[in-house]
Every structure is written in C-alpha cells, then in structure tokens.
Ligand SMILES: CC(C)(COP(=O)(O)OP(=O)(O)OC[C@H]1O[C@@H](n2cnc3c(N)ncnc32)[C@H](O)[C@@H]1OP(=O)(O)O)[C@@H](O)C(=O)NCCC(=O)NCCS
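Starting off, we have a lone chain in the form predicted on its own, written out as structure tokens.
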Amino acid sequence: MSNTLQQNLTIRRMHWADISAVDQLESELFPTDHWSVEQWWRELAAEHNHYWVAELSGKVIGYCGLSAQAPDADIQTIAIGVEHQGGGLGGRLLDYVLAAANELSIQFIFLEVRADNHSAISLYSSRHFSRISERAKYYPDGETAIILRRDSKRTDTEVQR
C-alpha cells in the first residue's frame, strides 16, 4: 500500500450505522464463521467492548474490537478487506488496539487465531504475542485455534494511536 493511502487511513470508533458495512466485510472474509448482524449489535451494546473501523475515503475497509475487563482484555476481531491486505493496515489496526488497551490499564491481552493463518500469526508475533494454548477443532471447518497472550505493559515496544 502506498504511503499516501496509509496516511489517508482513518481509524475511528465503530457506530451503529457501520454494522452493515462491517457485516459485508465479515461475510466476505469469514464465509463459514462470520458474526451475525445481531451479534454485532450485542457486541456494540456491551459496555466493556470497544470497536473501531478503518476507513479510506469514507469507505469502511477494516475493523477491530477489544473486550476489556481490567486487568485482562481479549481482541475479539481484527480484519482488513481482501483488496487492502498486505499493505500494513492490519498492523496499524493492531497497534491502535494495543494503545487502547494501555489506556484502559490492561495488563494481559489474549486472542485466538486460526492455526492456518500464518500471516496473522506472524503479525501477532511481531507485536510480542506468545502462544499459550490451542483449541482443537475450534472453528466450524475443524481448524484449530491458537491462543496467544501479550503483556501490554511491555516497555520495549511503543504503540501509537
């Protein structure tokens, strides 16, 4: 992705009006296990949940979410539309979530990732997530989930919001 597009990326709090665009992306990215519209409504309504969207030129191209109940938090989801993958935007979203976790005084951040999603695992490893467990046959298609954890109070990594 060009530096200009990176600079034009906006990350903002997800609003109810974003659910349709997020649902469309979710269905394209996760055809066998996407969240329902009703689930998005429940997620946005929960007071301990924080969701953001990534926009380019006013179009939602990605989203992420954090469920925070100090001292722990779970990254619920993080996704970038296929046409915008590979340009560092997933890393920008992840850094945004990590900065938000720091602001919320979160110590440990957890997430689940498909064992076959090597690019995501590489991204999380680059942000100091460590493998702590796995859940066999976790996803509807039988794929294993890898459970990762990160100490958000790391001092060797600066994250920017």
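In this text, all values refer to a predicted model and were calculated from it rather than measured experimentally. Residue numbers run from 1 along the displayed sequence.
Note that the form predicted together with the named molecule isn't included here; everything after this is about it.
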According to a 4.5 angstroms non-hydrogen atom cut-off, is S122 in contact with the named molecule in the model of the complex? yes
G86, heavy atom within 4.5 angstroms of the named molecule in the model of the complex: yes
Heavy atoms within 4.5 Å of the named molecule in the model of the complex: does H48 have any? no
At 4.5 Å between heavy atoms, is R127 in contact with the named molecule in the model of the complex? yes
The one residue among L44, A99, A115, L29 placing a heavy atom within 4.5 Å of the named molecule in the model of the complex is L29
Exactly one stretch in 32 to 40, 66 to 74, 129 to 137, 106 to 114 has heavy atoms within 4.5 Å of the named molecule in the model of the complex; which is it? 106 to 114
Is any part of 62 to 81 within 4.5 angstroms of the named molecule in the model of the complex by a non-hydrogen atom, and which residues would that be? I78, A79, I80
